[in-house]
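Just one chain is shown here, as structure tokens, and it is the form predicted on its own.
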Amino acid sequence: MPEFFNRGTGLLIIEVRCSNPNGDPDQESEPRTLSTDGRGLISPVSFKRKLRDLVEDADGPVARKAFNLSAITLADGVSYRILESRGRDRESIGKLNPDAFKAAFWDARVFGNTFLESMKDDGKDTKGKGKKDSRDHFISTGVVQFGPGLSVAPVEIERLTTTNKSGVEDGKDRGMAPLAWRVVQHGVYAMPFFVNPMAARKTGCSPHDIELLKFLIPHAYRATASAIRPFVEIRHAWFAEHGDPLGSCPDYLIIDALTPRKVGGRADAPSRSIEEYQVPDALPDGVRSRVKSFEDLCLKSWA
């Protein structure tokens, strides 16, 4: 029987400076924006990919530190492997029984999985291999759900052509990538996330899995920075643990109280610095009293 834990509500406050936090492959990697009002967008899939990459790099400094923490130590036979990884052996994974599958993959326990759907996409025959119940563990809703990260104000996109002195095509001694450098000049994004213990019985998610998630979040961007994404900084990673598994406070009260407001210049104009925002640094007393604990994971001290 899985160990019960309390509901959790979190909000990430992310500042972007001259970086592309999430390119859109349908728009030549243009930073994602909402067509309705020009606000910037970071997809939940993009953020979860960074967490998966940190765990998958088991010999990297982030994972090595995490796996040595007592709060994250798993029970015997349970591992932190990643299901959503390149080169996975779908056939051998498809033969795992429910207990072995849950014990193997951290991201399946935390984020859920649609492995059964991917088997269908591969053209695998998923019929006639036993009772349906024997495959239920290959499709499940996750314990942790991230919402889209939306900028508080519209964002302005900067586009520049880049050049390469050595060239990248046969027969050419120089190269050029027209308008390939596409970045958000400045933006402050808010991304909510939710820990729902109701799904843990099916996925096998434990409190240790959630502690690993909380440890990883502040490192998600700084440990995966790239040339097009040099400054995407999580300024705050707020996390409120409710008083019981069902929740002791409406999520919207927590999210709304912690979401920054633009106070400098026009509210519908792109910002140039974080000084144009009022960024809350605590929950109002009336909301704080309704949750068991409240912390900024960016400032959390891990022993």
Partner chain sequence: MSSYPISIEVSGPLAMFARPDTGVTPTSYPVPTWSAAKGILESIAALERGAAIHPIRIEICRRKGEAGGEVHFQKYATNYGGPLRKRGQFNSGSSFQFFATVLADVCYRIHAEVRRSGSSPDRNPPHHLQELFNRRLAQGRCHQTPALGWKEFTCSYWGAFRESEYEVDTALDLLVPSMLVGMWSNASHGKYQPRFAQNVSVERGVLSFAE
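What you see is a predicted model, and the numbers here were worked out from it, not measured in a lab. Numbering follows the first chain given and starts at 1.
What follows is about the form predicted together with the partner chain, which we do not show.
Three-residue candidate spot G87, M198 and L246; every residue lies within 4.5 angstroms of the partner chain in the model of the complex by at least one non-hydrogen atom. Interface residue remark: G60 is not counted as part of the site for the partner chain in the model of the complex, having no heavy atom within 4.5 Å.
Contact annotation for Y221: none of its heavy atoms lies within 4.5 Å of the partner chain in the model of the complex. Within this chain, Y80 is remote from the site of the partner chain in the model of the complex, having no heavy atom within 4.5 Å.
Although the partner is absent here, P154 sits far enough away that none of its heavy atoms falls within 4.5 Å of the partner chain in the model of the complex. With the partner omitted here, the residue from Q185, T73, T114, N164 that has a non-hydrogen atom within 4.5 angstroms of the partner chain in the model of the complex is T114. Proximity to the partner chain in the model of the complex, defined as a heavy atom within 4.5 Å, singles out one entry of Q27, S273, N68, Q278, which is Q27.
Note on the interface: of 28-36, 233-241, 60-68, 260-268, the segment with non-hydrogen atoms within 4.5 angstroms of the partner chain in the model of the complex is 28-36. Along 144-164, residues Q145, F146, G147, P148, L150 each place a heavy atom within 4.5 Å of the partner chain in the model of the complex.
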